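Consider the single chain below, provided in structure tokens and representing the form predicted on its own.
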């Protein structure tokens, strides 16, 4: 069986944010990703090879279509489609201030790269961070490139879009961390496990408006200290290093 022409057209249209927003859906491809998301999000449409369907006979979707790999290639947005693609309904999450104040969360100030955003969500999942707050101009989490880069972490990490200044202002006396070249070396600081870590735009860093709300400026020192090297780190790499240090200190406190 083939994917119908109308469905092919619709699938390809989901590469556009306007279409994803209008239909309140997003596209995911590949066995691992689809299988994880099927456990959490309602699935409107699923197209898969006979082999995948045999192994996942309990998968629930409003519409299921059996297709060959060649048929899958027609609808896929990937260079090398793998066995299955699915259209999921986008989730809706409420921002709960009490939960934020009682946990470690990430905030992204205008991160532009879909790949960076997806990687940050994936590492948030790795480090047990369940909420990521994005400024209104941050890349769309439901961009197919972002979805693929999360590697299924969307099933466990809630992603919110909100004006970050308003959010931070509501977090009275809550530690707000930010990455800055002029910050304090992160390895010398005692880090709270209940705080908000703000990461900035790839080119401009954290905006001046948000910088004024940061309570603790952190810096990832290079090594050796006086060696001339790269001016800065990729935002996803920097996020991983910072989150790792927060969790390392938490583990040290346990033991």
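A quick note: this is a predicted structure, and the numbers were derived from the prediction, not measured. Numbering follows the first chain given and starts at 1.
Below: the form predicted in complex with a further copy of the same chain, not depicted.
### Query
in the predicted bound form, does residue 125 have a heavy atom within 4.5 Å of a further copy of the same chain?
Yes, residue 125 lies within 4.5 Å of a further copy of the same chain in the predicted bound form.
### Task
Considering only heavy atoms, tell me if residue 247 and a further copy of the same chain come within 4.5 Å of each other in the predicted bound form.
Output for residue 247 is yes: heavy atoms within 4.5 Å of a further copy of the same chain.
### Query
Just to confirm, residue 220 within 4.5 Å of a further copy of the same chain in the predicted bound form by heavy atoms?
Taking the distances in the predicted bound form, the answer for residue 220 is yes, it comes within 4.5 Å of a further copy of the same chain.
#### Entry: Distance check, residue 101 to a further copy of the same chain in the predicted bound form, heavy atom within 4.5 Å
Taking the distances in the predicted bound form, the answer for residue 101 is no, it never comes within 4.5 Å of a further copy of the same chain.
### Query
Which one of 130, 89, 165, 140 is close to a further copy of the same chain in the predicted bound form, taking close to mean a heavy atom within 4.5 Å?
Partner contact (heavy atom, 4.5 Å) among the options: 130.
### Message
For the interface check, one of 182-190, 65-73, 51-59, 22-30 should have non-hydrogen atoms within 4.5 Å of a further copy of the same chain in the predicted bound form; which one?
### Response
Only one stretch qualifies here: 182-190.
### Those residues of 79-100 which, in the predicted bound form, come within 4.5 Å of a further copy of the same chain by heavy atom
Counting only heavy atoms within 4.5 Å of a further copy of the same chain in the predicted bound form, no residue of 79-100 makes contact.
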